[in-house]
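Next comes just one chain, in structure tokens: the form predicted alone.
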């Protein structure tokens, strides 16, 4: 039985929405929006198993190159993402990487390229429930670096910069609604953001970054560009394979960095520590 309406968990810590309890997932969790992408992410792991499937939230856990990790779908948008992050934190996860798809706002971001978010414009409503608009939505720098390192090591095309997160796929991203409805506030929003050098539009990063920052967790985001709003191209399959590879490899890299950081008794990752890790890898080779 669940404890109460205020605290919808069981005595064992089972969470109402994701149906996970402490011990079900490790600290590193990949967060695709689409539940169908969870088994795809897990398909490249050494081993994997379905842990929970409830209310559209699917979780797999397993190992990738010996590193324990999990993947949980968030659904679309900030509200469901906040639910997932809240409940994953309660069961012991503390490092999150959004693994999503996105629409590019710059012409040079080609279909299939990856966009790694350094920060997010908070056009969503959910993050504003948690913090005033002046509060930044920024990726954790070590997760950001791990994603960049993963993309570099795998030789995939990628871009790093600011993302815009919206709760609306249609009107809020400048797409006409039903019967062409489009308020002036959102007409041309994609062009105005592009002028600010924003790279892409998506729907979850701002919420994830704000919650992770508030709760002292870590978060990053990598998305495959399946659309380009400048060239008006769209291919829902573009870049998905590279997306999955980079997200998983970033977890492995983070694990190695974390191990050295903890061994040295350091709270933060530094250039010196990364150099030490590189020297150890060269020595092993």
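Positions refer to the first chain, counted from 1. Just so it is clear, the structure is predicted and the values come from calculations on it, not from any experiment.
Separately, the form predicted in complex with uracil (URA) exists; it is not shown, and the next lines address it.
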{"query": "4.5 angstroms heavy atom contact with uracil (URA) in the model of the complex for residue 74", "finding": "no"}
{"query": "Close approach of residue 202 to uracil (URA) in the model of the complex, 4.5 Å, heavy atom", "finding": "yes"}
{"query": "Uracil (URA) contact at residue 226 in the model of the complex, heavy atom, 4.5 Å", "finding": "yes"}
{"query": "In the model of the complex, residue 81 touching uracil (URA) (heavy atom, 4.5 Å)", "finding": "no"}
{"query": "Listed residue (128, 159, 110, 175) with a non-hydrogen atom within 4.5 angstroms of uracil (URA) in the model of the complex", "finding": "175"}
{"query": "Answer option from 141, 169, 215, 181, heavy atom within 4.5 Å of uracil (URA) in the model of the complex", "finding": "169"}
{"query": "Option from 186-194, 131-139, 116-124, 96-104 whose residues, in the model of the complex, bring a heavy atom within 4.5 Å of uracil (URA)", "finding": "96-104"}
